Structures are given as structure tokens and as C-alpha cells.
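The chain that follows stands alone, in the form predicted alone, written as C-alpha cells.
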């Protein structure tokens, strides 16, 4: 029997019938059932009958559904998109020994796994990391930013970063501060692995490539806009948050509509013809123009403009959340930190018993920034006595900056800004709005 054969597998009282897939271990068979799901079976327990030979052409590099692998060719009429892989569900398979999803594919494997990407661009594949995103850290952010810079300086017209969804918002924020890119940098991932019929990997990957070809120079997160396969939302990297554990439309722009929406059907049709999908994108707000690099003085859309690159990060920053009844001693580990971001309640408050601890941190040289646990609105510590006492203790208001983004920003500001405390109150990469307003 060979991958692609249709087989019946008997094991005790259980019978499975489907298409034999390549296995990642010698001890297990992998069968794609007619319902679309895959099952791993211990070979020692299996009685296998081949029902039909070569029923489907399944290749190691093909998609989980047995589709043809895309051929990586060069077409001088197409833009060049760099696919940078860090791991995550979009670049993962099921480990049939444990049943868990593991990151295993490099960027070119992902390209072959999504044949719909063929003909849309010339691709370059690069692996920065092969991890699940909970293992991401500032050192990998720097490696990722360096890789993106090198790809752009080597002529890439856009970059797609494939990333696990759990910490994607942090990495997108980091690159938003580290890079002033003259071309699009688009993060994408998937909530559900490629072996599942409800996987979102194909649509997200296609829309991300089309967004990377479009006329802008934003750092974006491109993920499902709804639970249907109709559109992807384009979120600014510093204003996005994962708000659901498993829904395909888990990501939202906080405090506003997404920066833009990309119609999947229109993008798929345009890309299949080798055309740019700009008409498929509806921008809710004006994005940064392509070609505007660090100095911001390139008005001609020149994608060869210099990449602004500020990779230094001070990792000695903590994000802490205040909750009623917490022990002030729990904050003793913050002593000696260079920076602290607090998720306060409401307008930015903590228990009065903690204000002395915060004053001590500031006196010791730490920058302490206040954000809010509320998903909408901004901190304002001038309304209540507690807030005024926090300001007197040296707390810096971070406006409506998201707590996770504020942590990344403070890491960057401590390493790059002349006055990190002042920088936390100013907008640097679209993370801080001048005023909070109701949005349509």
C-alpha cells in the first residue's frame, strides 16, 4: 500500500475507510476519512485492505486534502513576496503519536500546502523559528525584524509572516516599532490546522499575500473577518487583539473598525489572474503609503526606499494586572525592573495600598505606565483622588494603548527613546489615538 491508496482499516470492532496519507512516524498509519478529518492508527493493531490503488495523488508537500503541490517558479511580471515562517498552526501538522498539533513545516512547505498561492507572486521562503507562539520572546522578535529587513533590502515587494495566533499581536506590535518599512508587512496564521475541514489557513494565506501586494506600507494582521469564508480583516499591528480562543474571526481592532477589509472572492479571482487585488480591499482609514520609509520623505512610492531599523529592546519590562484583594507583596518581584506596565481598573486605578509600592519603583528608576483592563476607552488619572495620587507617584498615562502593546512599546522606548516616559504618552506607530470616539 502507498499514500493515495483507498484503504479499509479494521482494528477490533472499529473500521475506518479513507485515503492513506503520508505518515510522520513508522509506527502509525494516517487515514483521511470521507468526512474530511484525519485519524492516526497504530500499525500493530491494524488489519489493512487496499480497496483502490492510487485513488488520489497525495504528495508530501501537498495540502492535507490531497491537492496538487504548487510549483515555485519565477515570473518577471509578478511581484516578489517573502514568506517568513515562525511556526504556529498555519505551519503545523498533527503528531499522530500524541494527537497534538505541532509546528513542523518551513515556509516553502506552507506554500506547497496552499496551492491557491500559485501564480499570485514570486515567492521566497525563509524560516526564522519553528515554534508554537507561546514560546515567542524578544530575542526572536529581533531575529524576525532582521529577516524582514533583509528580505525587503533584497527586493521583496511585500512580506508575509506566518505566526501562531496566541501571541501574534505582540509580535506585530514589536515589528511596528522596530521597523519603518517601505512595503507591506502582513502577519497571518490560522485558528485551525490544515487537516481540519474548517481550517482557515488557505483563505488567510491568500488574503495575506494579496494584502502584501497592495498599495500601502502598514504592518498588519490579516485574519478572518467573520466566521464565514467571505472576507479577511486587515488590522493595524499595534491596535489588534485576539479576543476569542478558537473562533476563526478571533482578532479585532480595539476601539475602531479594522483598518481595512479584503474580499476573499475578489482577491482570489484577481490573484489567480496575476493581477493586484487593490480593488478587493476596502480601506476604512487611509493606510501608510507604500514607499514611506523612516524619513517619511519619499513621495514617489519607491519601494526601494531605505528600511528604518531600530532593533534594540529592553526585555526587563513586566506587565501586571491589578485585581481586588491582591497582596501588595505579590509585586515585590518588580523591584529592580526597568519598566512596568499596569493594567488598572476603569480609568486606570489600583488599590491605594499599592501606590506606595509604585512610588518606590519610580524612585528606583523604573518607568511605570498605566493602561486599562477595559477594552474600550482610555486612562485618565485626573478624575478621581486615586488617579491623582498615582500621577503624584510618577505613573505615566498610556492613553488608550492596549496593555500588551504598551509592554512592547515600553521595551522599545527604554532602548531607543531619549525619554521613555514621554514616549509612552505619544503615538509612535498608530498605537495611541489622540482622542477616543464612538466608531461606526
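Treat the numbers as computed from the prediction; the structure is a model and nothing was measured. Residue numbers count along the first chain shown, from 1.
The protein also exists as the form predicted in complex with another copy of the chain; that form is not presented, and the subsequent description refers to it.
Scan 157, 180, 278, 318 and let me know which has any heavy atom within 4.5 Å of another copy of the chain in the model of the complex. For this set of options, the contacting one is 318.
Here the chain is shown alone; which of 126, 192, 149, 357 has a heavy atom within 4.5 Å of another copy of the chain in the model of the complex? So the residue touching another copy of the chain in the model of the complex, by this definition, is 192.
Taking the partner as it appears in the model of the complex, which of 361-369, 344-352, 201-209, 115-123 has residues with heavy atoms within 4.5 Å of another copy of the chain? Only one stretch qualifies here: 344-352.
Taking another copy of the chain as it sits in the model of the complex, is residue 132 near enough to touch it, meaning that at least one heavy atom pair lies within 4.5 angstroms? Yes.
Heavy atom of residue 338 within 4.5 Å of another copy of the chain in the model of the complex: Contact with another copy of the chain, no.
For residue 167, is any heavy atom within 4.5 Å of another copy of the chain in the model of the complex, or not? Close contact exists here: in the model of the complex, residue 167 approaches another copy of the chain to within 4.5 Å, heavy atoms only.
Taking heavy atoms and a 4.5 Å cut-off, does residue 376 contact another copy of the chain in the model of the complex? Taking the distances in the model of the complex, the answer for residue 376 is yes, it comes within 4.5 Å of another copy of the chain.
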